[in-house]
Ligand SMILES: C[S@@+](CC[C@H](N)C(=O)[O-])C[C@H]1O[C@@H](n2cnc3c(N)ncnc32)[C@H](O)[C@@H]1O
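Form predicted on its own, single chain, as structure tokens, below.
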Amino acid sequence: MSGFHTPVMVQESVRFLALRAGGTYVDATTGGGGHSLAMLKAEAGIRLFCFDQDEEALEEAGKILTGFDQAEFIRANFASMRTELALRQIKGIDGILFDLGVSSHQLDKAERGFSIDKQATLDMRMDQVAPRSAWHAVNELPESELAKIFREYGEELSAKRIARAISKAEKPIEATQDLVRIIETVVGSGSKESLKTKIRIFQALRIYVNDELEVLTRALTDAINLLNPGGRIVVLSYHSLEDRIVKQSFRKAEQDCLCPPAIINCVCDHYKQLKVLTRSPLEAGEEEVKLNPRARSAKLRAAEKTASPKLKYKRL
């Protein structure tokens, strides 16, 4: 394992995937390859598709997975997973892992612009060739749009005041520390609450720049549809917005009908697709958190694909 990225809850993830020899699996967020390596070591007889939109991550994963010819690397966001697999004539998969959020490498590498502690150009793009960066957001978006981003994606109470401070600041705002100083004019510096606010603002910009929540919602639907009966989906999330989307997606897929109670005969096209395996999310243990503090916020949810019904039935 390299120092590129420390994978979280590896044993738990592999256990819930219930890998089977001859099966086809997807690591939707390969990162440095830590989870992929654990999957291949646990069951060498699988075919594994490793997705990541970060070219540096795939290069690192390629080093770690040298010798595992059953792993295929795909440089793409998991939003394109269904298309990319179809191009490879893959119609169904037996398991998929999502490890959401930003990698250790992206946080630690100053020039990526993810960290509040490191001086860098405001970037925050996970895909380095994507056209929209955090620089464009803070320098070009109107105050009202910035406030909405900070409020919805960062759940920040001072969203409106911080957006106003940014809109009134001398433009352009070039670097991460320039943005940090503007935030501090609103919430001060040195306190725990000030630190939390800065983290939330950076998080909100990162989510906006990478369209993370919308992409996640669509990708979860695609993943559930791609799973073969008995296949497993495992998702590691790191903040409440992600976890809420995963929870709601699983809950919807576990229902057999979405019609209002007043409708006697089911007329919707929905049917039960999943059996949820984790009623409450799993969290990293104390020992893991000591070794990797970033594991503290991780939540793992897992579910299993049920057999598709042949027909809809009359509601009792």
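Numbering starts at 1 and follows the sequence shown. Just so we're clear, the structure is a prediction, and the values are computed from it rather than from any experiment.
Another form exists, predicted in complex with the named molecule; not displayed. Remarks below refer to it.
- Listed stretches are 47 to 55, 245 to 253, 284 to 292, 265 to 273; the contact stretch with the named molecule in the predicted complex is 47 to 55, by a heavy atom cutoff of 4.5 Å.
- Between the options 158, 77, 203, 237, the residue in contact with the named molecule in the predicted complex by a heavy atom within 4.5 angstroms is 77.
- Think of it this way: in the predicted complex, the named molecule has a heavy atom of just one of 182, 215, 116, 173 within 4.5 Å, and the residue is 215.
- Three-residue candidate spot 28, 32 and 101; every residue lies within 4.5 angstroms of the named molecule in the predicted complex by at least one non-hydrogen atom.
- In the predicted complex, at least one heavy atom of residue 126 sits within 4.5 Å of the named molecule.
- Taking the named molecule as positioned in the predicted complex, the only residue of 6 to 21 that brings a heavy atom within 4.5 Å of it is 7.
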